[in-house]
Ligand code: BGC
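To begin, one chain is listed below as structure tokens, in the form predicted alone.
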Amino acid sequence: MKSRLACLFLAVTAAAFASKDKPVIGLSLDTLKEERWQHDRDTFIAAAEKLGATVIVQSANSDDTRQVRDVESLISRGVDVLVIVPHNGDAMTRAVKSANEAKIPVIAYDRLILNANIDYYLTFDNVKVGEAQASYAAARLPKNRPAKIVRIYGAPTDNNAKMFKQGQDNILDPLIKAGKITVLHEDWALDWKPENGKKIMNAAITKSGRGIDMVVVSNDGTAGGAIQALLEEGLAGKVLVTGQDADLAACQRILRGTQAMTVYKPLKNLATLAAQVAVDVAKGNRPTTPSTLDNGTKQVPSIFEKVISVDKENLAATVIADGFHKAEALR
């Protein structure tokens, strides 16, 4: 990671603190209900403070109106740069326009803000996340008959959820067309809530019965809901379930055998990188980025971090070795 940061931000060491000694960063989060976002927040704050910045955090509890107000409040407090994890990538357009008018740079973190003049986008390769989930399932199809699968997508308001589905489709669609997979049921889990994952799984069981081989789920929270529904039917551990985020509960389920895999996203890397970019931008610098992504308004300078497919076999060598979870917490 250090060498990559050195390449991307060579200008930082020379000019990072040329304009302001203590930049103020506004961090607007969709929610802190999920364990994953607590990790992001804590790492981001620690990295930013190490660079001499102050971070003001707002969490919108998955409420678009509240998040727009949060961002406008941060603007009124005179932050030097905004880092936003949008609940709804479209709903943030108005707030970004206000930031543009105030000449405050905007960085979209993890989720893209659509149709807006944002300055940077930092995320994991979300298409690769979906491909990792679907590839894991595809490598374990029944040999003598079509696999019967259920698909549980993420929040329809989250552009990342659509990218996860895109990645899954890249792998699954050819298999569906070849008759190797039959999709029994599919739906979107509103707001990524586990209870909505459970409802979708219950509906799938009611509709198609117990003969389900796999559930391709887009994140660990909704996977937990689906597994609860499977547990109530005596099917937990008998049906392959995917996930994402390497949540503690998901890693525990992987060791118990009720969840097959998760996609580990080294949050420490992304959050640290975002803090460095935010401080750099607050200083008036323009960090070098290796990619761009069209958000409907412009080609946004972007940085994509890699993801890792994790199951029982490599859990210790990835999630635990990185210090994301302690071994004793998984017992």
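Throughout, we count residues from 1 along the sequence that is shown. Bear in mind the structure is a predicted one, so any value in this text is a computation, not a measurement.
The same protein has a further form, the form predicted in complex with the named molecule, not shown here; the description that follows concerns it.
In summary, the region of this chain contacting the named molecule in the model of the complex, judged by heavy atoms within 4.5 Å and restricted to 179-187, 95-103, 244-252, 203-211, corresponds to 244-252.
When contacts are defined as a non-hydrogen atom within 4.5 Å, all of 34, 219 and 265 contact the named molecule in the model of the complex. When contacts are judged by a 4.5 Å heavy atom cut-off, residue 165 does not count as touching the named molecule in the model of the complex. Contact annotation for residue 151: none of its heavy atoms lies within 4.5 Å of the named molecule in the model of the complex. Looking at residue 111, you'd find a heavy atom of it within 4.5 angstroms of the named molecule in the model of the complex.
Residue contact check for residue 131: none of its heavy atoms lie within 4.5 Å of the named molecule in the model of the complex. In the model of the complex, just one residue of 175-211 lies within 4.5 Å of the named molecule by at least one heavy atom: 192.
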